[in-house]
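As structure tokens, one chain now follows by itself in the form predicted on its own.
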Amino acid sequence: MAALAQLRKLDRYLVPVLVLAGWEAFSRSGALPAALLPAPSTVLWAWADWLIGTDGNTQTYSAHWLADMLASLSRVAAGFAIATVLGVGLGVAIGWSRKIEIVIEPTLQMLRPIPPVSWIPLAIIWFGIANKPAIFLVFLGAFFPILLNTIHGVKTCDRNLIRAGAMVGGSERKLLRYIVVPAALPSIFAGLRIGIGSAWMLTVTAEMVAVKSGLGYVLWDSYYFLRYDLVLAAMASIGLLGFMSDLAIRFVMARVLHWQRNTTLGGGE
């Protein structure tokens, strides 16, 4: 039984291993020039130098990965934190109050379809070339998923629970605190998970045009110098950090929503 459990744990690594093996074989087959599609082993070699400076093959980026990672991570954290506070706060207000919904939601629904990248020119004019436009774009990417999921969570709260709370003398503030917001938490966390992914996508876009540091900037700069191994290493770094950010949210979610454990399909994860 223990061996079977170990095999089941290895299942999740099967597809990545097969993809990497196929990629390595195709790159070494000569079907495409190696410079255009570097093999995973070549990407790992460049990544290692970027990370710890093995042989200096990434030149100015050698041993700079940690600084680049921290630059991107700080922008994601700042933009995502602002989006979380505003998205959850405004989402609860819109979901709870019909009056606020009528006043604010049409404007938000008009802004929502506008791609965040289209704000780049205005963000640069407003904030200049620095961290602020990047944080602004990250905020835009994360805000609407968090907002919409929070509204959905509040609006789908069971009316019977709210009536029961009101019958025992619960004020509006207590109803929100002890019934509505806890009931909306699964939707809020769903919005946070979507929002953190959007935040990482937008920080790369912002770093390509608005700042001169971070993983996105390295990716774009490496493209100009035809260092596709470093481009792929930057893409892999972003994917890894996005995955770890999602894991962190899932870790918090599992503890906050402990009451869902063993009662839902996802609760047994």
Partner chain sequence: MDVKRFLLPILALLVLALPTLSFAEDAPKIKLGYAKCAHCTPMSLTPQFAEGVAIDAVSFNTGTDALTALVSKNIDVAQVTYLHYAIALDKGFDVVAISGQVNGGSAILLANDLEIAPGDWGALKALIAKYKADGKPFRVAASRGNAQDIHMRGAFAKQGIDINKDVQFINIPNPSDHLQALRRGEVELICTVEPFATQIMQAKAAKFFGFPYDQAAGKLTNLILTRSDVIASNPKALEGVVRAVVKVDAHIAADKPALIEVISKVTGLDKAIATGAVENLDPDPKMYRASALAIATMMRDLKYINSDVTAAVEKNLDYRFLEAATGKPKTELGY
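From a predicted model like this one, the values you see are computed outputs, not experimental measurements. Residue numbers count along the first chain shown, from 1.
We do not show the form predicted together with the partner chain, though everything after this point is about it.
message = Between Phe189, Trp119, Phe127, Trp96, only one gets a heavy atom within 4.5 angstroms of the partner chain in the model of the complex; which residue is that?
response = Comparing distances to the partner chain in the model of the complex, the residue within 4.5 Å is Phe127.
Selected contact from Met244, Met235, Leu66, Leu226, since only one has a non-hydrogen atom within 4.5 angstroms of the partner chain in the model of the complex = Here the answer is residue option Leu226.
query = Looking at the partner-bound form in the model of the complex, is Gly53 within 4.5 Å of the partner chain by any heavy atom?
reply = Although the partner chain is absent here, Gly53 would stay clear of it in the model of the complex, with no heavy atoms inside 4.5 Å.
inquiry  = Whether Ala35 contacts the partner chain in the model of the complex should be assessed with a 4.5 Å heavy atom distance threshold; does it?
reply    = Although the partner chain is absent here, Ala35 would touch it in the model of the complex, with heavy atoms inside 4.5 Å.
key: Partner contact for Asn57 in the model of the complex: the partner chain, 4.5 angstroms, heavy atom   = Taking the distances in the model of the complex, the answer for Asn57 is yes, it comes within 4.5 Å of the partner chain.
key: Contact test in the model of the complex: Tyr61 vs the partner chain, heavy atoms, 4.5 Å   = Yes, Tyr61 is a contact residue.
request  = Name the stretch: of 216-224, 235-243, 196-204, 39-47, exactly one has residues whose heavy atoms fall within 4.5 Å of the partner chain in the model of the complex.
outcome  = Of the options, only 216-224 has residues within 4.5 Å of the partner.
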